[in-house]
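As structure tokens, one chain now follows by itself in the form predicted on its own.
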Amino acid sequence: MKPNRDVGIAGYGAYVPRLRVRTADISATWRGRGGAAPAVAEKSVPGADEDVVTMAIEAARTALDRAAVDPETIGAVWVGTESKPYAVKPSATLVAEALGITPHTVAADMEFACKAGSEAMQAAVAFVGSGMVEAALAIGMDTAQSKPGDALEYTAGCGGAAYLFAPADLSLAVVEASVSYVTDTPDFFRRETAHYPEHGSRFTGEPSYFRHTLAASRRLLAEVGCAPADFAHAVFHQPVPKFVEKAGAELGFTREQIRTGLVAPRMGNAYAGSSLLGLAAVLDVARPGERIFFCSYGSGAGSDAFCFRVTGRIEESRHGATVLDYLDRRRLVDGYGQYLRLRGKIRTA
């Protein structure tokens, strides 16, 4: 899929909460001694005053600061998330208001599990590419949900990123093409009255993550006529590192190509923001002329794949906090009990 006019990323920003909980503290509560070590050593945890809206605003402010775009030209704001603070009230209107880009703005929330953020990116590219708006903001952000003791509790972190899309001549990375691949695969879901999501374990790998990631990736490579070796970096959705390594290897990408965007081992899987954070980490170090391969995955199920070409404007965006800055400012919470309190998982009524 290609827009009618060339579109790209004019600005980007990331956000990861400062707090971390060690997965060893989770294991000490729920698993017996001698078990295998979790795939992620620690994961990010939002503070008492942080939620999807506050984090989305922080990431978006960085994106706007890095862009050579007049905020008054932003005609759309989408927030992709599955953990918004209000069950019935859009987060996007709150974000748009805080950024000062209301009222003549399209604003809505998107939900497609872990690819809600890339779904917002697809919409932004379409709006700008069609000429309906001059710029559009796409955000993927989550305070990931997981039942105490569940496998997800060891990997489901918090954070995300924001991307401002605009015409190619204002962009630091141009979208060369994108594709989507979706099916009805019940690998992850939460019914309306349930407190936590459930996952169908046997669907998680082959029929879900790998089927959709590989299919979307191969279709994109065929559409742009490129081989994995033509890309300097490759970013995938990262529930756990081994999934990324396996998908990358099967497609022909090397560990060096996926290394920069693999942020999950240091902060967990941020659901809608996981692959978007990986892309931001790559843009932090990318050089003009490089190509970036990107493929998200969302349970339910689907993948969005993009091909980006970095422009000379990337050098002008080297200000503001990087993804590594957010990862390095970590501070551990005081044990598993403090983590439960911060996440509101102790119910007294």
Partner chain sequence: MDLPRYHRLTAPYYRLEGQRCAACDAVQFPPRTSCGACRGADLKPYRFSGRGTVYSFAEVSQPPRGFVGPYVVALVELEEGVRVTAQLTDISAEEVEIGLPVEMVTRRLQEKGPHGYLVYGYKFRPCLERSAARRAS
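Note that the coordinates shown come from a computational prediction; the quantities given were computed from them, not determined experimentally. Positions refer to the first chain, counted from 1.
From this point on, the text means the form predicted together with its partner chain, which you will not see here.
Looking at its partner chain in the model of the complex, residues R18, P85 and R341 each place a heavy atom within 4.5 Å of it. Residues placing heavy atoms within 4.5 Å of its partner chain in the model of the complex fall in a single listed stretch, namely 54 to 62, out of 294 to 302, 307 to 315, 23 to 31, 54 to 62.
With the partner omitted from this view, the residue of E134, D150, E111, E97 that lies near its partner chain in the model of the complex is E97 [heavy atom within 4.5 Å]. Although the partner is absent here, G320 sits close enough that one of its heavy atoms falls within 4.5 Å of its partner chain in the model of the complex. Using a 4.5 angstroms threshold between heavy atoms, L324 counts as touching its partner chain in the model of the complex. With a 4.5 Å cutoff on heavy atoms, E42 does not count as touching its partner chain in the model of the complex; it lies far away. Although the partner is absent here, D328 lies within 4.5 Å of its partner chain in the model of the complex, judged by heavy atoms.
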